[in-house]
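Presented below, as structure tokens, is a lone chain in the form predicted on its own.
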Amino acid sequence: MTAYSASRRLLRRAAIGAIVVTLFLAAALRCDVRPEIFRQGLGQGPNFIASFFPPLWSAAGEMVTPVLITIVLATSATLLGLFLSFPVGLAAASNVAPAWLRQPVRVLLGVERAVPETILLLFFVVAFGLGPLAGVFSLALGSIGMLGKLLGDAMEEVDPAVVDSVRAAGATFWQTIRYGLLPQVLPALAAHTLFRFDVNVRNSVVLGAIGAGGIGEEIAHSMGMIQYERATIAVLGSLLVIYTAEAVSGRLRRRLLGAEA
């Protein structure tokens, strides 16, 4: 490496570093970040964390129903999203749908994935009110955006010889989908659905804190009432749900993908 190229690389890194520092300082000034408040908060941190202990174990029984609501919310949203994402995936696959249909569907899927479930919840809360129903529709719509896109991609990667052989045997369009396309994408679809269920369980806790009910609502309520020991039990309940969902869905995904391979 010549000294000229080394100096250019050093100048490039210095310029990037200067830009990053400038943006950081500008963001700190815009957000009114003050070091003295930060130091004060760090000093109060240990006392605040200590207020969450010991947990209020007597409230554990009250968390069973919110935990079940969270699980039902995530499961219902995943199943509804899976059911609705199949026709959307068909419309998004280039080897199934014509271009005039595929392109708008792909655009809509991209727009949907760009909108967080928390924003979708606000619309459904206006339509259905606070509660799990609004959360189900919010997570289901998010599931359609993800599963529809992944299903469309999986359909485009199938072996065309299998599809052509089914079509050559005289199968109709839907028979070709049923016997030529669906068996090839079913393992991937199942694995993606399990992954989306894992995501929905996590998101249902967040949505619960802002109006969808479940264990997230218990966390928000306990924090708002300054019942930190009770909030600890609610957090432990949410961690249990998330860990269990991740372990079960991860194991099933590995088995499905292993069987596919």
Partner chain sequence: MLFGGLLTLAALLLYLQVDPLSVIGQLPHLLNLGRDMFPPRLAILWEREGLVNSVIETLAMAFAGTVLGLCLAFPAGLLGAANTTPHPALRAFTRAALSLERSITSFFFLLVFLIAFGLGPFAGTMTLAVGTLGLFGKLFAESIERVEHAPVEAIAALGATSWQQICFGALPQAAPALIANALFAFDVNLRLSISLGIFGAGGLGAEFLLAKQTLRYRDVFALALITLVLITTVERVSDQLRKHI
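Numbering follows the first chain given and starts at 1. None of the values given here were measured: they were computed from a predicted structure. Take the two forms, find the largest set of C-alpha atoms that superpose within 1.5 Å, and that set is the rigid core.
The same protein also has a form predicted together with its partner chain, omitted here; what follows describes it.
Student: Could you work out which of N95, T75, S165, Q184 is the residue within 4.5 angstroms of its partner chain in the predicted complex, going by heavy atoms?
Tutor: Checking each option against its partner chain in the predicted complex, the one that comes within 4.5 Å is T75.
Student: Exactly one residue in V125, A190, A91, I177 has a non-hydrogen atom within 4.5 Å of its partner chain in the predicted complex; which is it?
Tutor: It is V125.
Student: Answer with yes or no whether I69 is in contact with its partner chain in the predicted complex, where contact means some heavy atom within 4.5 Å.
Tutor: Answer yes; at least one heavy atom of I69 falls within 4.5 Å of its partner chain in the predicted complex.
Student: Any of the heavy atoms of V136 lying within 4.5 Å of its partner chain in the predicted complex?
Tutor: So V136 counts as contacting its partner chain.
Student: Using a 4.5 angstroms cut-off on non-hydrogen atoms, would P116 count as touching its partner chain in the predicted complex?
Tutor: Because a heavy atom of P116 falls inside 4.5 Å of its partner chain in the predicted complex, the answer is yes.
Student: Looking in the predicted complex, any heavy atom of I16 within 4.5 Å of its partner chain?
Tutor: Result no; I16 lies far from its partner chain in the predicted complex.
Student: In the predicted complex, which of the stretches 141 to 149, 157 to 165, 95 to 103, 126 to 134 has residues with heavy atoms within 4.5 Å of its partner chain?
Tutor: Of the options, only 126 to 134 has residues within 4.5 Å of the partner.
Student: Going through 235 to 250 from first to last, which residues have a non-hydrogen atom within 4.5 Å of its partner chain in the predicted complex?
Tutor: V235, S238, L239, I242, Y243, E246, in sequence order.
Student: So with the core overlaid, does the Cα of F24 end up 2 Å or more away between the shown form and the other one?
Tutor: Yes, the C-alpha moves 2 Å or more.
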